[in-house]
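A lone chain, given as structure tokens: the form predicted alone.
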């Protein structure tokens, strides 16, 4: 069986740790149960083929085995072929794709299937925050929160006419490093600022008023602190305000930068890549679209 799991971009500016979007860039997991209980074979193609583990520490297998442990069932023998297209440590949800892929593979082998909420709860144990795992599983743009009472989410369909280009610098940035630089508390005025911007962002998504994005995508909770880890980011944010693009933000924890635009603004997008190159930072551009479909068998 072959699973397809989308890349995701989280935060979308002001929605720190609570909103994410599925994109049409995919990892694939070809999996097959084998007769020997507990047996494991992992083949990796593409991103991470030389760096990701191929034993029980592989994240796909960790999520897969966690499902059976939770059900107190023996872990079946499994053969995985991971076909990875989502860049690692670039803020595009590669770890969430692995986690969701492993959970779904296990779910297809269970006699009594997990609910969506149960799958999200398991995924949250690995990721710690729901903004990537929810759109990876559900697709679309997902507003989500998790607390002691469980996982709550609202899926929204991407507005018509919105396009995304992801600017991927040629260096990695670990999520841990990007989170460690954030302060434990923020000024009240910054929290209020983000609440207002988040309201505008949700309104822009639900009404399709794309022009609101330029105003909504501002943030004071995480981007100002992460600028020191992503050279040129602050300048790009300023440049975006004076350009025709709809908005620009860190994708997840970075270092990738997601640029929202209309279809005829691709020349404008190139200016951001050229600016980084002038600063000695090479990068690549991937033109993507938000997708309403999440992880699924293909």
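Being a predicted model, the structure only gives us computed values, none of them experimental. Positions refer to the first chain, counted from 1.
Same protein, other form: the form predicted in complex with a small molecule, not shown, and the subject of what follows.
Trainee: So which stretch, 284-292, 271-279, 21-29, 6-14, is the one near the small molecule in the predicted complex (non-hydrogen atoms, 4.5 Å)?
Mentor: Correct option: 6-14.
Trainee: Name the residue from 71, 155, 179, 79 that puts a heavy atom within 4.5 Å of the small molecule in the predicted complex.
Mentor: Among 71, 155, 179, 79, a heavy atom within 4.5 Å of the small molecule in the predicted complex occurs only for 179.
Trainee: Which of these residues, 129, 197, 214, 90, gets a heavy atom within 4.5 Å of the small molecule in the predicted complex?
Mentor: Of the listed residues, the single hit is 129.
Trainee: Against the small molecule in the predicted complex, would residue 226 count as a contact residue? Criterion: heavy atoms within 4.5 Å.
Mentor: Heavy-atom contact with the small molecule at 4.5 Å: present for residue 226.
Trainee: Give a yes/no on whether residue 253 approaches the small molecule to within 4.5 Å in the predicted complex, heavy atoms considered.
Mentor: Output for residue 253 is yes: heavy atoms within 4.5 Å of the small molecule.
Trainee: Within a 4.5 Å heavy atom cut-off, is residue 206 in contact with the small molecule in the predicted complex?
Mentor: Judged by the heavy-atom cut-off of 4.5 Å, residue 206 is well away from the small molecule in the predicted complex.
Trainee: So, in the predicted complex, is residue 85 in contact with the small molecule at a 4.5 angstroms heavy atom limit?
Mentor: So residue 85 does not count as contacting the small molecule.
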